[in-house]
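One chain is shown next in structure tokens, namely the form predicted on its own.
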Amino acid sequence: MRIDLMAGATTASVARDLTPNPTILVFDSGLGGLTVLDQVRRARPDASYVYVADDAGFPYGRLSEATLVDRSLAVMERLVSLHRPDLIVIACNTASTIVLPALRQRFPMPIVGVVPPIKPASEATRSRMITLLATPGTVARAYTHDLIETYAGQCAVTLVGAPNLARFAESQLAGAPVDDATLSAEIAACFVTGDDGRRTDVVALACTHYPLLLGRFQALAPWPVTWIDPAPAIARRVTQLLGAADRSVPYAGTVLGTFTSGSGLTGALRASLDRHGIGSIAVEAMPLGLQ
């Protein structure tokens, strides 16, 4: 089962007038933000979209916090100048928990981020045994532990920092999926049985890449659990900030995909991007060392 709850989104407290035909920029370190893009497009099909994958910097977990802040600001300066978005979605947990304050200080438009969905997980569980499946950096971050203390104090929370899942998701989109045994080993620690017989019944996905693999997670899980994907909550927050879709405006059409490297743009990946509505691709070359 898949749950979407409002607690997956975070924004600056900015009120906006309803914006006809807005331009929405969705930003991620790689391709995980496609899961967010899909949900936001369903909510505002009349908007124009730019999807940005900072693939030159992927994965963000290997960067120091200072480097990530500097890079995100530099990349976003160029993107805002080029596309003049009405709203920005930071569809990356790592960037959201580290960079949002600096981005909101620099840019005037609303910026929506994503946080580990601890609160909805604690509300959904019946066994009071939940798992947060995240990157190692998100698992270690004090922000995540503060969320657990605030919202899940009555739960047994298993933190699983999966070192390879984001890469596996990107490989699958590029037409080279990992085998079941490898993927199963990566998520095995999510499923815990307590001494009293209680079992994990909720797994919260704290990386936007992970829903790209959700169908395989469900098939490989040793027992059924509720999987929480924060992307629909982000889409609802976008609608709150920009207003509901104007149904009198024709569907906006395809999305512009922008990459900061583009080195992995294989034919199979381009086909996957097309299935997510990305009909044209541009490369705004920005190597990792260029700030």
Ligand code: DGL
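Don't overthink the numbering: it's just position in the shown sequence, from 1. Just so it is clear, the structure is predicted and the values come from calculations on it, not from any experiment.
The form predicted in complex with the named molecule exists for this protein as well; it is not shown, and the discussion that follows is about that form.
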> Of Gly243, Gly61, Gly264, Pro45, which residue is found within 4.5 angstroms of the named molecule in the predicted complex when only non-hydrogen atoms are counted?
Replying inline: Gly61
> Tell me, which of Thr144, Thr200, Ser122, Thr135 has a heavy atom within 4.5 angstroms of the named molecule in the predicted complex?
Replying inline: Thr135
> For the chain seen here without its partner, which of 85-93, 188-196, 123-131, 214-222 has a heavy atom within 4.5 Å of the named molecule in the predicted complex?
Replying inline: 85-93
> Does Ala206 make contact with the named molecule in the predicted complex, using a 4.5 Å heavy atom cut-off?
Replying inline: yes
> Hey, in the predicted complex, is Ala169 touching the named molecule, heavy atoms inside 4.5 Å?
Replying inline: no
